[in-house]
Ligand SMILES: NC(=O)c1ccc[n+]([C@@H]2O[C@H](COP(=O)([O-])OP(=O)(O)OC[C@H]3O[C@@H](n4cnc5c(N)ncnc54)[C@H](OP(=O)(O)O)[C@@H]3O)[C@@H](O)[C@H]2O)c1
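What follows is a single chain, given as structure tokens, in the form predicted alone.
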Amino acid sequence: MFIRTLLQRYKPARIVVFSRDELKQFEMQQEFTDPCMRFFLGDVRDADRLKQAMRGIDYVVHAAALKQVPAAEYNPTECIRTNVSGAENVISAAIENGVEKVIALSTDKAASPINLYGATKLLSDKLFIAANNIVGGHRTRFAVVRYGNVVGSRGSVVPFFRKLISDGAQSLPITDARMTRFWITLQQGVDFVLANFGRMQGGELFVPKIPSVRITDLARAMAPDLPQHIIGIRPGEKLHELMISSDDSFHTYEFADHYVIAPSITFIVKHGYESNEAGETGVLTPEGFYFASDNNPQFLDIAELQALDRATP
């Protein structure tokens, strides 16, 4: 979706796709045949290969991570090598190649983390924010975008429910009847990342204002006639997703459609973080403010969920 959007809206001189998944790259090559496309096999753990891939690049989106919570708990060192050491390598390669702007993708699990995956992503976020302090005379600037699970992405609840329904399940499993989640489509995520390249000065952590859903409502929207059964919350799972903790309220700014968590260390920036490069202005959130999927003022109802389900591939 990200590549498709870039090709539809812009005329890039070169787009480099860097990943270790040769099958996915092969499949992408069948769809994206524009002469600007380049496909590099590599791993963010390999600093030298990253430096090769970033030569002549102006903008970088860092999305590589080991994301499965149980797998991270069972293989902690592997998760750290990709999510933390890999982040360090991306930072070094970007600075060495004079990349203009880097946006790293984060997750709600990095806010007050309770599992290893969330802890590694918090470390990654801190590395990218602090990287603005070590660029010296280089032009490179770093920011972070944080959002929750993407609708329809691998491992998310929508394809899981869809498979159960297509396989003839007699009921849908619900971990906890109170559970809520943020709701963002893949296109919304792509649009938010692209918008923040125009907003960023360096050091921001951007959080979109997106709606929440009740998992019981989602199950009812997808299978109105199926009963639900409670299976219990899983290890490392939160009842509600948290994007901004109350501890961050002292340096969080609210904008029209997003929040910005300003860095806790000081950088020399043009506007301060109460405004941005796109000319938008925000206000400091009140003390104790937090943004979680259960205190969100916007929830999707069943009809809205059904419409989104039909529109999601």
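None of the values given here were measured: they were computed from a predicted structure. Heads up: residue numbers just count along the shown sequence, starting at 1.
There is also a form predicted together with the ligand; it is not shown, and the following applies to it.
Between the options 216, 133, 149, 115, the residue in contact with the ligand in the model of the complex by a heavy atom within 4.5 angstroms is 149.
Among 140, 106, 212, 89, the residue placing a heavy atom within 4.5 Å of the ligand in the model of the complex is 106. The ligand is not drawn, but in the model of the complex it has a heavy atom within 4.5 Å of residue 65. With a 4.5 Å cutoff on heavy atoms, residue 19 counts as touching the ligand in the model of the complex. Residue contact with the ligand in the model of the complex: residue 244 places no heavy atom within 4.5 Å of it.
The ligand is not drawn, but in the model of the complex it has no heavy atom within 4.5 Å of residue 75.
Stretch 56 to 64 is the answer when you ask which of 56 to 64, 253 to 261, 284 to 292, 29 to 37 has residues with heavy atoms within 4.5 Å of the ligand in the model of the complex.
With contact defined as any non-hydrogen atom lying within 4.5 angstroms of the ligand in the model of the complex, the contacting residues in 20 to 49 are 20, 21, 24, 42, 43, 44, given in sequence order.
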